[in-house]
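Single chain ahead, by itself, as structure tokens, in the form predicted alone.
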Amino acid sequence: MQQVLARGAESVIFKIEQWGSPFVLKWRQTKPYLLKDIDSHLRKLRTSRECKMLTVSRLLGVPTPAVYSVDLDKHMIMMDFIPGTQFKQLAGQISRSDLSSLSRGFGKLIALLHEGNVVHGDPTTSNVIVDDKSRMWIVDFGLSEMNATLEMKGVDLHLIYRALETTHWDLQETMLDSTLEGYVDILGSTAEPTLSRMKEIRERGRYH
């Protein structure tokens, strides 16, 4: 038995039953506009990278689903099913106090990644699951990278800023302020270069 949980441009997420427990199966679908060999290579590369980055990120202290199996030829990953709600869906349904607290937690998780020189690559509220104990889990590491430069970290923060502006425009001030507070809580004064680079990147976007 399988149920489609999400369908995106790059992959389809299924909930499946295995060994009497629920799991997630992520399948990277074919892109018909790419040459077959290039398409297969890219899907294999991103599947392999995501498996690795889920594990690396968890070692940095960021809750991520554990990987149980991977099939690089079929471009599939089987991992933990995290019962909960996307932060994106939850944001408009909770009090400002709870929203601020969760946003701060989100900032802390991104800071832990950056402290380990990892960037997520797509750090939106769609890729954060909040479970019934209000614990936050980060998912979808297909665009993540190791050995991150200052520019890459600045882009990660810029992507958060842009996602909040477009998806949570009515809540963006509370969410952004709290996210950055959480980020600084972890990194202290070492956060400053990345925050400055984020502002630089935003300015570039305005004038180009």
Ligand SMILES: Nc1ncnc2c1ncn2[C@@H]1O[C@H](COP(=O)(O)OP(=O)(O)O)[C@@H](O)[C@H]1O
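Quick note: we count residues from 1 along the sequence shown, nothing fancier. Everything numeric here is computed off the predicted structure, so don't read it as measured data.
Below, we turn to the form predicted in complex with the ligand, even though it does not appear here.
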{"property": "The ligand contact in the predicted complex: Ser100, any heavy atom under 4.5 Å", "result": "no"}
{"property": "Val24: touches the ligand in the predicted complex, heavy atom cutoff 4.5 angstroms", "result": "yes"}
{"property": "Close approach of Ala191 to the ligand in the predicted complex, 4.5 Å, heavy atom", "result": "no"}
{"property": "In the predicted complex, Glu10 touching the ligand (heavy atom, 4.5 Å)", "result": "yes"}
{"property": "Contact stretch among 106-114, 133-141, 92-100, 67-75 - heavy atom within 4.5 Å of the ligand in the predicted complex", "result": "133-141"}
{"property": "Sequence-ordered list of residues in 54-81 near the ligand in the predicted complex, where near means a heavy atom within 4.5 Å", "result": "Pro65, Met79, Asp80, Phe81"}
